[in-house]
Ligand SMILES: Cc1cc2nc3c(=O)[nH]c(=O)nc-3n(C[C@H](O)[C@H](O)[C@H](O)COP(=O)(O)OP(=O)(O)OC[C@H]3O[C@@H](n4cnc5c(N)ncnc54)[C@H](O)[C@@H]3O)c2cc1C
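Next up: just one chain, as structure tokens, the form predicted alone.
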């Protein structure tokens, strides 16, 4: 370990693996280390033994759940938006050659005590119980307005300025009911809370167009998912890094981030070995996770997320026996500030044994009783065979890293997709290299 690298990357979460893959592809000499003996960090997919070891070290998995190797249980529930930024990175790097994708069968939204499918076709929209007949007409006009919008053609603007007018103004212009606003803002624009309503409408417009274009791409839902679990994503980017000369060391404890007299990064120490590099990138757990690291507070807690991994022996009731789905419980429906999400996958995705379903219920923690907060989501699942609850801190770096060459990524948030992960990748990339990340555009193949 006495040679010097351009970049040391600490932690094999998806954010770190994308960055190490991209940096290796750019010709950087990268050393990637992780304290765990598996890839993925906080975004890993675990087999049954690893799952029980993490949550219940004194218990062995019940034999009736089937074979250990049939399982790849995601720790963080997220889906890939078909037309989103992660898809662009997967295609740009050609990491898609290591992965196979399947569609998520449907997206559902909770309203007035029941769940309804988010329409994916015009026919479904006509039949949907989410709106009455007159509201459907108003909503149709709203969506036509968005689809026809052209920045350089004022005749499509109907007197609205997306960069100045708020979403509240636009909802009122089209006379949309609060329930419809909930549906648009939370089930389509995928906002966690209602703060967006008073802000300029441009960001919401972009999110709705992303959702509708993703929905149009493959049908049933706007989401795709990798076979064998989300842990396949970091592993595929690690493979990309290795092809371009990146070096990997798993099961390697990092004991110290070494800095010089000016506080600049010099290297990382593991035991009595120190490996040197010009820059370091890593997840918050390697930099004190809220405590001091090398005499500095490098990351601060912004909040917490509660997640419950639930093992079911049946599909979720009310989802037409879907083998996979997302359910959004908008915050207004359950008197909260943040939405509750349910993400469900099954043996169709090669992540569990036959006739087993894995549902993860999650939300942003708002009280001192986090498990009670996800109850509205848990109540939708029917009988739960087993449940593993975690509460994770959300860390964010205190500085941009340019002064000391220490670049820290963010924790995985409560959103149901990877768009914020890619924003973090783009942000760290720009801070590390000084240039914007430019991606090429192509299509992703999805299994029927």
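Numbering follows the first chain given and starts at 1. The structure displayed is predicted, hence computed values, not measured ones.
The same protein also exists as the form predicted together with this ligand; that form is not shown, yet it is the one meant from here on.
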> Can you say which of 301-309, 87-95, 251-259, 132-140 gets within 4.5 Å of this ligand in the predicted complex, counting heavy atoms only?
Replying inline: 132-140
> Contact between residue 119 and this ligand in the predicted complex at 4.5 Å, heavy atoms?
Replying inline: yes
>> So in the predicted complex, is this ligand close enough to residue 320 to count as touching (4.5 Å, heavy atoms)?
In response: no
>> residue 197 versus this ligand, in the predicted complex: is there a non-hydrogen atom within 4.5 Å?
In response: no
> Is there a heavy atom of residue 112 no more than 4.5 Å from a heavy atom of this ligand in the predicted complex?
Replying inline: no
> Just one of 144, 153, 163, 172 has a heavy atom within 4.5 angstroms of this ligand in the predicted complex, so which one?
Replying inline: 144
> Pick from 191, 183, 265, 101: which has a non-hydrogen atom within 4.5 Å of this ligand in the predicted complex?
Replying inline: 183
>> If you apply a 4.5 angstroms heavy atom cut-off, which residues in 10-33 are near this ligand in the predicted complex?
In response: none
